[in-house]
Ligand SMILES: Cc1cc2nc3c(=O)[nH]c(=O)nc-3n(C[C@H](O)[C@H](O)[C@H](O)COP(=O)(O)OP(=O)(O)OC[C@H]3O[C@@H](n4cnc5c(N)ncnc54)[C@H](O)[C@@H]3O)c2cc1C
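Next up: just one chain, as structure tokens, the form predicted alone.
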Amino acid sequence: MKADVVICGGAIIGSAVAWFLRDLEFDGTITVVERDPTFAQASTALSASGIRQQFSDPLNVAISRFGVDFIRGAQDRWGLDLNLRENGYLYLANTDAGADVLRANHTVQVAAGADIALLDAVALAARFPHLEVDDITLAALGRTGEGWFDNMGLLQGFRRAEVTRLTDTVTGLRVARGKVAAVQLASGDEIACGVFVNAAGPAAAEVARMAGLDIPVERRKRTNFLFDCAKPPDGALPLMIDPSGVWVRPEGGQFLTGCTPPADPAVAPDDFDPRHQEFEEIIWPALAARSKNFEAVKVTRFWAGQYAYNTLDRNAVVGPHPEVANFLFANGFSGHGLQQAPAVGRALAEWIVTGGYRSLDLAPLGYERIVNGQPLTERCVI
């Protein structure tokens, strides 16, 4: 077998690259290799499905602005309603230092075109009267362009690209003369390769090592909890990030919540065991303290998912390797892969077709910063 482009990973990132290649009228052969086409344990399927523009780096703001515009256009493009709820993200700060961070981020966000408002405690209480705000020094609210959407619907749209899809696992890469010459599969087959795209999600570092390459990406685990509320707050609510790190948002008639655990180790590939104690020990106490409406709740469902965490700077690694030039990274999104998939898929497709970026310049996310140890740090990571 042979293909002009082989994409390792058929979830949201890999499928976005494939779709945009066809959208750009790339007429070469494209093969997407995905070990589990049900995506039962994919980061795409197990995510909280959010999109936001409240980042500290202007490039991430631009990436999300591209993404939300793309999601808004799904009905016209594919005839799909992705159920985008632009309720916003609400960041709360309860220290002067935290307020300074929100102000600094706000300056970056507004300059990049994001629609973010800063609220003092009085304005916050007026807008969301169910919240306890006595300790709040400042809040930041996304008025438009932020919220959540149908994650699997977006994947469904991207998977409409006409490409070859193999249910198999990449087990090796044969590198010759500074290029990936062939992709080896668990089935025993081998695909001669023109361009190789690493879109392997949490397995990104393992796939890179098959070509003798290293990226500082680890598997991290997050547990999400869905709960009923005896007396839910009134009105349209945003996704709120409490100063404790606990986040919560509406999900139909219930609420979805989670947190970054104090100990956040790398996990094994098969570790999808929920951390049940996080709800009782971390999440519920924080929510109950923030709103009396969250004092009486009942967990109805829970699940754990993995994502690819970039230990250098919590930003994605995108683009070609400087020495293995046909090896393209699309890795280490640190929990932002779903919302960044449209922009990254478009950018890599542009690189493959034209040899450079056209819509957004993603060069700052390139591998060179890994080699040079120069982090492009993103401070706003949930």
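Note that residue numbering begins at 1 and tracks the sequence as displayed. Quantities reported herein were computed from a predicted structural model and do not represent experimental measurements.
Quick note: we don't show the form predicted in complex with this ligand, though the next part is all about it.
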> Are Val197, Val344 and Leu348 jointly within 4.5 Å of this ligand in the model of the complex, each by at least one heavy atom?
Replying inline: no
>> Heavy atoms within 4.5 Å of this ligand in the model of the complex: which stretch in 315-323, 66-74, 42-50, 348-356 meets that?
In response: 42-50
> Which residue, Phe279, Phe128, Tyr307, Phe255, has a heavy atom that falls within 4.5 Å of this ligand in the model of the complex?
Replying inline: Tyr307
>> My question is simply whether Asp168 lines the interface with this ligand in the model of the complex - judged by any non-hydrogen atom within 4.5 Å.
In response: yes
>> Quick check on Leu92: any heavy atom within 4.5 Å of this ligand in the model of the complex?
In response: no
>> Against this ligand in the model of the complex, would Cys8 count as a contact residue? Criterion: heavy atoms within 4.5 Å.
In response: yes
> Are any of the heavy atoms in Asn87 no more than 4.5 Å from a heavy atom of this ligand in the model of the complex?
Replying inline: no
> Mind listing which residues of 218-254 have a heavy atom within 4.5 Å of this ligand in the model of the complex?
Replying inline: Arg222, Asn224
